[in-house]
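Given as structure tokens, the chain that follows is alone and in the form predicted alone.
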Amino acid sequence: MPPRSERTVLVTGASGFIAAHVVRELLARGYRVRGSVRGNVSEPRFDALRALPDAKERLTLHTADLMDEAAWPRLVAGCDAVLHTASPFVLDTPDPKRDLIDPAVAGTRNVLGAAIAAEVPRVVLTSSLAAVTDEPVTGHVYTEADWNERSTVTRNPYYASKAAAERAAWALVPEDRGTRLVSINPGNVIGPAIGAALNTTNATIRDLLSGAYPMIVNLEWPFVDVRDVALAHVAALELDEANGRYLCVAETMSMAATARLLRDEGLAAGHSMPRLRLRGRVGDVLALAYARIRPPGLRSYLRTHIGRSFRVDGSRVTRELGVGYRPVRETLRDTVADLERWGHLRRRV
């Protein structure tokens, strides 16, 4: 294997929340990075990537669309590894098949097909806990053996897109092929962003603090720090023995416990975080009634998650990839500071 300085890694969707941290980590370790983005590479929204340490010498950005099959052989050519992180992430869209499922699946097939044809030895796929389940079963501890088999274009379509894309990846690259595939399946990824764009999961913390939620309901969130997710991706790239799926979750925390931690840390001061908490079966019924008036994607998510206890075994990442998880308390502090830094969240004086 050549030294890192002579290895080139393609990162798809390089400006994404997770991908940008992956790019930073790869550059810090001496790799040459080829990043794909949507839009003109000279746009200001990519300035944060260009400002990363060593980016001027070892990062190149290239325009590519997931649906454009012809674009990927050129980008994959000469790469020693591919980290496929690009995938749409929204809960609500007028056409989930067009906007979520089709680009996620076709993009995975296009990128991985090009990697296989070019005999790239290692592909790391950013999947999700959404590919593991879309309706947690209380008492069950989720592991890499679990698969989401219930999501559809009308039921949690984002979850359907992640499950379908990961299944498509494993169908293309079984474990006995020359190209080795590893998937990283993170839960709710939060933490500081590289650039001003607000990712969907950090927006959850902003909405909780800003009073966008009228009440605290019986939800549980499997949190993980974006920096740890990036480290897991790079470890999966570098370790020859890495294989299969890796669930990436530091800790599951209820919405109520998250709100309490934010208050205890003084992070709720100057914000409008709700104090009304719906408890027990009656609270769940009221929360589900509230879900009926929400947009379809959010409504589907609330219906399948309210009142559910969520337990995930993310220990394989630590045990085999050597990545320890930051405490969620620390991640929440950094997340709130970052939301305020970029102006997504403002304290009242």
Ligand code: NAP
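Quick caveat, the model's predicted, so the values are computed rather than measured. Residue indices: 1-based, along the sequence shown.
Separately, the form predicted in complex with the ligand exists; it is not shown, and the next lines address it.
In short, of 298-306, 281-289, 313-321, 59-67 it is 59-67 that has heavy atoms within 4.5 Å of the ligand in the predicted bound form. The partner is absent here; in the predicted bound form, the one residue of S128, N110, N156, N148 having a heavy atom within 4.5 Å of the ligand is S128.
Among the residues S254, S210, T93, N188, the one placing a heavy atom within 4.5 Å of the ligand in the predicted bound form is N188. Residue contact check for T201: one or more of its heavy atoms lie within 4.5 Å of the ligand in the predicted bound form. The closest heavy atom approach of S15 to the ligand in the predicted bound form falls within 4.5 Å. Taking the partner from elsewhere, P192 is found to have every heavy atom lying beyond 4.5 Å of the ligand in the predicted bound form.
When contacts are judged by a 4.5 Å heavy atom cut-off, R29 does not count as touching the ligand in the predicted bound form. Looking at 68-87, the residues that come within 4.5 Å of the ligand in the predicted bound form, counting any heavy atom, are T85, A86, S87.
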